[in-house]
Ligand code: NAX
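Listed next as structure tokens is one chain, alone, in the form predicted on its own.
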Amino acid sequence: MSGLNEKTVKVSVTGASGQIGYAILFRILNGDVFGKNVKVDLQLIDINIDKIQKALHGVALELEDCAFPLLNNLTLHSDPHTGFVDTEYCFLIGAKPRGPGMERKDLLKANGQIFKIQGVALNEKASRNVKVVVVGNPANTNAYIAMMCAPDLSKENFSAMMRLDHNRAVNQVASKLDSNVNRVSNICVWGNHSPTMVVDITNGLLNGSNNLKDLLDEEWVEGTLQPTVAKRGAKIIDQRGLSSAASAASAAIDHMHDWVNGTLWTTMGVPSQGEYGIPEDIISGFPVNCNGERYSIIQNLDISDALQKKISISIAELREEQENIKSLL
């Protein structure tokens, strides 16, 4: 018979006092990632600014007040070298937001410094089997920086969150077909977590057997689905006055849950080994299976010339981002 003392995992979260961090922590301790019988040693990390550290302590007080049975230990950190000690699961959320007049390449370099430090800390302090999901944008290139700065860890330990794009696409398709999201499967989002990402329904299914290509008009896919997913983040900022937080946290939960527990066919941003013509080490959205230990990119899918062209545009953007941060590595 299983019990709460069966297992304890070490989990680190950066940017833990921010909006996404605030939304994710309570779900981790509710058992939404590792299960209702797994205790959590939670290591919260945020930048060493008095106001931020004060907010982090406030979040910790709230977590304590929830009296979560799964919370085994809670520590607060301003240095990833202490916050990543023996960590097995890591949510890298904290990132510098894009300010007024800031070009994307400036944002890349500013965040590159952050994720370089975090990659070095993970390399020195984390479990050799650590699973890392980068949420802070630009997520794919930030994950690439962390990965390249952790040469003693397997590249497969690092991933970028493409699940928010995936979830947005699934919801749009389910809504269009007047169905439930759990009846839609085998959708993928290729490329970068940016407006260049590519929604692919080529292998998509409804109820496990009906091909989405036969159910959805190509004009709707190209003219509504793709731009809706690509511009969803901007629309939320316009409507809410703030960027996606709860939905991003939920996607990060989904991403890590499936990586840890296993699933058939989801989207993860993972380093390429040359699959589908995507250059090695670029962290791109791919369709993957997870077996509870590791992910594997789904092989031998048919990619049309039109789809390949769109994917190439997104990969070109990722290559440009890599060039912009080359000096950091």
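Only a predicted model underlies this, so the values are computations on that prediction, with no experimental measurement involved. In this text, residue numbers run from 1 along the sequence as written.
Missing here is the form predicted together with this ligand; even so, the following discussion is about that form.
Contact annotation: S17 falls within 4.5 Å of this ligand in the model of the complex, judged by heavy atom distances. This ligand is not shown here, and in the model of the complex it never comes within 4.5 Å of any heavy atom of G112. For I45, a non-hydrogen atom is located within 4.5 Å of this ligand in the model of the complex, even though that partner is not displayed.
Of the heavy atoms in N186, none are within 4.5 Å of this ligand in the model of the complex. This chain is displayed alone, yet in the model of the complex one of A95, L216, M148, L71 has a heavy atom within 4.5 Å of this ligand; that residue is A95. Only one of A139, V173, A121, V198 lies close to this ligand in the model of the complex, with a heavy atom inside 4.5 Å, and it is A139. Heavy atoms within 4.5 Å of this ligand in the model of the complex are found in exactly one of 223-231, 175-183, 208-216, 238-246, that being 238-246. No member of the trio A60, V85 and A126 reaches this ligand in the model of the complex with any non-hydrogen atom inside 4.5 Å.
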